[in-house]
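The form predicted on its own is given below as one chain in structure tokens.
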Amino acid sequence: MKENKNYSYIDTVHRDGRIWNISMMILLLAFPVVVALIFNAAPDWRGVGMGLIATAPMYWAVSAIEVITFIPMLGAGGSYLSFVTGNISNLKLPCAINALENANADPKSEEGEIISTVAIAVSSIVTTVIIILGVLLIIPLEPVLSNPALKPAFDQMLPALFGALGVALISKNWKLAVAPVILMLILFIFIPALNSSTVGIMVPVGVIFTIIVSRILYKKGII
């Protein structure tokens, strides 16, 4: 039987994405194994098991929820890139959304898929270049970067990024945005345990809450 070579764009994205993601997973897992073999330093498997029992269920749950919430916004190609390179909620997702907003493209269209993938790819390249420059320049720039006068600016980098992105998105449908914004403000103000490390959990919570509220508002004819 002759193999069908007429692959669509999405078919090639999924094919290549699976190949590269599996390859990266093998490389990431191979590094500690090779190091352990070279230095004859096997890990304490009991300790590893106890650590996984304590932490893995949370990461499995967050990972499953992130797949459901992020992929519709990132697209197929952008998702494969993002889940390998990391920093999804802090960097890749804002870049993809901003690119789609500027291009006025539908995330579900092939055009939106390509724009999102290109934006995330450029973001990954820029991040890698900055990291390389940072490694090379960390010693010469150490006196400048450790200057206490710059600390307030560094502390506001992420709030500034998400603030600018939030204004653009909230202004499109403020009625829908009010409820999740109020919910997150209440949670983070009155529950001190919530911090930057809980973002992975709180994003899906906000998404589910927003869907419920939007359904209620739609039924009442408000939106």
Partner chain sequence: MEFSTNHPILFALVAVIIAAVLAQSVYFLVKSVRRAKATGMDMKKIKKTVITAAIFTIAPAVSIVITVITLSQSLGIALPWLRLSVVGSLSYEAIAASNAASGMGTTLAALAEGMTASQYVTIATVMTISIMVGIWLVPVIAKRYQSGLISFEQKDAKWSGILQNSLFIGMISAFVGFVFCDVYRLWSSTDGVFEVVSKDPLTGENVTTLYSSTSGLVPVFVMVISAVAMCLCGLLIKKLKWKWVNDYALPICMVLGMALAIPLTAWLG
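Residue numbers count along the first chain shown, from 1. Just so we're on the same page, rigid core means the largest C-alpha set that superposes within 1.5 Å between forms. Computed from a prediction, not measured in an experiment: that's the story for all the values here.
Quick note: we don't show the form predicted in complex with its partner chain, though the next part is all about it.
Taking its partner chain in the predicted bound form, which residues along 22-55 bring a heavy atom to within 4.5 Å of it? Read in sequence order, the residues that approach its partner chain (within 4.5 Å, in the predicted bound form) are I22, M24, M25, L27, L28, L29, F31, P32, V34, V35, A36, I38, F39, A41, A42, P43, D44, R46, G47, V48, M50, G51, L52, A54, T55.
Once the core is aligned, please say if the CA of E142 is shifted by at least 2 angstroms between this form and the one not shown. Shift of 2 Å or more: yes.
Shift of P43 between this form and the one not shown at or above 2 Å (CA, core fit): Shift at P43: 2 Å or more after core fit.
Return yes or no for P152: a CA shift of at least 2 Å between this form and the one not shown, with the rigid core superposed? P152 C-alpha, core-superposed: shift of 2 Å or more.
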